[in-house]
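In the form predicted on its own, a lone chain appears below as structure tokens.
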């Protein structure tokens, strides 16, 4: 049986973000390309969410382990900044998983990221927009802390990047 790009992407749905275990690297948008050559060699290209992300090596190794677990011994996993990541790359399914996990998905933006959108987040618990950013510094570099004035819950937002 010949492997396809779609087959590999389906297998890689198993690889979860180490900081948000309900979100696959595919849905996060860090898997930027998959190639399958004629001799069944698989090349996976991925990009970190930001430079210096401490999870980069772990994610790369997890992709390699998953390929090997499924009998794909000929593979190359390349971490590259050729296609920089931004939060618009998170799939709709990924956005839903973030919300179910209690993280407000980042707002989508066009072309230029306006830093004012950091202030606004929809509460993942009650869907209220009556929220206040408490601090732009969350438990990781890619999250900020917000408070919902309606359901009175603190929540994190995955920052738009």
Partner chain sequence: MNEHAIKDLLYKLADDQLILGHRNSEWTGFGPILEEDIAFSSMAQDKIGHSLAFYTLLQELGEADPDTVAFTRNANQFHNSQLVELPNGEYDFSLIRHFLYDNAEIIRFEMLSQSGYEPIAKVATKLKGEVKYHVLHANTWIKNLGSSTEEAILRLQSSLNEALPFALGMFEHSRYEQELVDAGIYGGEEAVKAEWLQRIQAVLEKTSLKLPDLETLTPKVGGRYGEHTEHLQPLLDEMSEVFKIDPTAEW
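Residue numbers count along the first chain shown, from 1. Just so you know, these numbers come straight off a predicted model, no measurement behind them.
There is another form of the same protein, the form predicted together with its partner chain; it is not shown, and what comes next is about it.
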- Query: Where, among 62-70, 48-56, 97-105, 34-42, do residues come within 4.5 Å of its partner chain in the predicted bound form by heavy atom distance?
  - Reply: 48-56
- Is residue 126 close enough to its partner chain in the predicted bound form to count, meaning some heavy atom within 4.5 Å? no
- Message: in the predicted bound form, is there a heavy atom of its partner chain that lies within 4.5 Å of any heavy atom of residue 3, even though the partner is absent here?
- Response: no
- Item | its partner chain contact in the predicted bound form: residue 119, any heavy atom under 4.5 Å | yes
- For residue 141, is any heavy atom within 4.5 Å of its partner chain in the predicted bound form, or not? yes
- Task: Quick one: name the residues from 76-92 with any non-hydrogen atom within 4.5 angstroms of its partner chain in the predicted bound form.
- Result: 81, 82, 84, 85
